[in-house]
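What follows is a single chain, given as structure tokens, in the form predicted on its own.
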Amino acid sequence: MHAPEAVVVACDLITPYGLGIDACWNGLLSGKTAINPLDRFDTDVFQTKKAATIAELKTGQSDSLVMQMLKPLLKKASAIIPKDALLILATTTGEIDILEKQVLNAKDNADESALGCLLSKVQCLSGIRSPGIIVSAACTSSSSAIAQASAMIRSKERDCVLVVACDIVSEFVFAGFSSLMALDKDTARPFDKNRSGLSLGEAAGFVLVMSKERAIQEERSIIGEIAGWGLTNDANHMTGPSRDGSGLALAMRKALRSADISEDTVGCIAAHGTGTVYNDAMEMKAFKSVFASGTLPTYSIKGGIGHTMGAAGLVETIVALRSLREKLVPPTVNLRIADDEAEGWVSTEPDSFDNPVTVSINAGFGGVNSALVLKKLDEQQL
């Protein structure tokens, strides 16, 4: 008897391009960046004055910035979220703006910035009965959470899991990346010859993952399959990736083995693509190690919406599922001259592809790496 397949039956997001998947997809296809001058806090002492923020979010409100993103998303979706689903919350800093208010202005209760408090709020918004769990694994948080959800479905531990991801551009986080000299002074240029750092961004979203059997029983539309996953750790450096890409390559090989497919069936790579010199170089080494037979269409969305940290993997999964549906690789926004290592892999223009499989990858502080194999199902498989 075969193991249950994990499929995505619903998803939505909010990014600096606006509310909804169409806004994000069309923003990427336009080639225009959403990274702009930042007015949320004083940036004079930092490495850059730019980030990708959501214009509708306002500080000083009764709701935190994260809740301002999640409320419209989950209220709209609550009717289609099963109450018996397991909730997984993925984030790096959650409602960090509550803590900032307490530290900087002696306002609010710092204890309310704990991730457990946010988990309770998300549970209430979603209407799910059980309290759920938190996955916080740096910039692989939400891709790791999707892997966890899919593994629980394959093992029959659960048949429905809601993964919710979020992170904001806060002064605390901005100062941290600035002190690491990790920010581009202008805008991130993933895989560009002249790239010099990342741009921070913010986003929130959810994916509802279900066993294929339950999805068919409930007559749900199936958006795509989480066919495989792989997680590894470089054990190399607190903030830097292993320069040879071996840890990320191992995560991709594990994901392909988990999906029981060969490298030849992959049609596209959704890269982490932060725009830092070392990350992008490491990724290209990993890609060439795993896909040794030739180039594959590859893209990064971080030149468009910035690096959304704990939400990045979930946002990129949703974009990759849209890409599979459209059979279209979005352009790498802000790419001007491809780095020698990336030439022939990335493009400034949209491109078509045929094989209905995308590998979506992320890497994070502490040396964590994640890879998801995403698959579009044809009518015979439904």
Partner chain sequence: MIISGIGWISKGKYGCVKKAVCTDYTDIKSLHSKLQNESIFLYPVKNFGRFDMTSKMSCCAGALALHDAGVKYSEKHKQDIGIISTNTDGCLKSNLNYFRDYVQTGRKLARGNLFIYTLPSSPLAEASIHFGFQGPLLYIMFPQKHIPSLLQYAEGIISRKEASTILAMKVDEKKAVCFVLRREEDTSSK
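Numbering follows the first chain given and starts at 1. Being a predicted model, the structure only gives us computed values, none of them experimental.
Omitted from view is the form predicted in complex with the partner chain, to which the following refers.
A.B. asks: Of 104 to 112, 207 to 215, 285 to 293, 186 to 194, which is the one stretch near the partner chain in the predicted bound form, taking non-hydrogen atoms within 4.5 angstroms as near?
C.D. replies: The contacting stretch is 104 to 112.
A.B. asks: Sort through 219, 264, 260, 157 and report the residue having a heavy atom within 4.5 Å of the partner chain in the predicted bound form.
C.D. replies: The residue from 219, 264, 260, 157 that makes the contact is 157.
A.B. asks: May I ask you to choose, among 173, 281, 256, 73, the residue with a heavy atom within 4.5 Å of the partner chain in the predicted bound form?
C.D. replies: Selected option: 173.
A.B. asks: In the predicted bound form, does residue 55 come within 4.5 Å of the partner chain, counting heavy atoms only?
C.D. replies: Heavy-atom contact with the partner chain at 4.5 Å: absent for residue 55.
A.B. asks: Heavy atom to heavy atom, is residue 99 within 4.5 Å of the partner chain in the predicted bound form?
C.D. replies: Yes, residue 99 is a contact residue.
A.B. asks: Test of understanding: in the predicted bound form, would residue 79 fall inside 4.5 Å of the partner chain by heavy atoms?
C.D. replies: No, no contact at 4.5 Å.
A.B. asks: Given that the partner chain is not shown alongside this chain, does residue 124 nevertheless sit within 4.5 Å of it in the predicted bound form, heavy atom to heavy atom?
C.D. replies: Residue 124: no contact with the partner chain in the predicted bound form.
A.B. asks: Using a 4.5 Å cut-off on heavy atoms, which residues of 125 to 139 contact the partner chain in the predicted bound form?
C.D. replies: Read in sequence order, the residues that approach the partner chain (within 4.5 Å, in the predicted bound form) are 131, 132, 133, 134, 135, 136, 137, 138.
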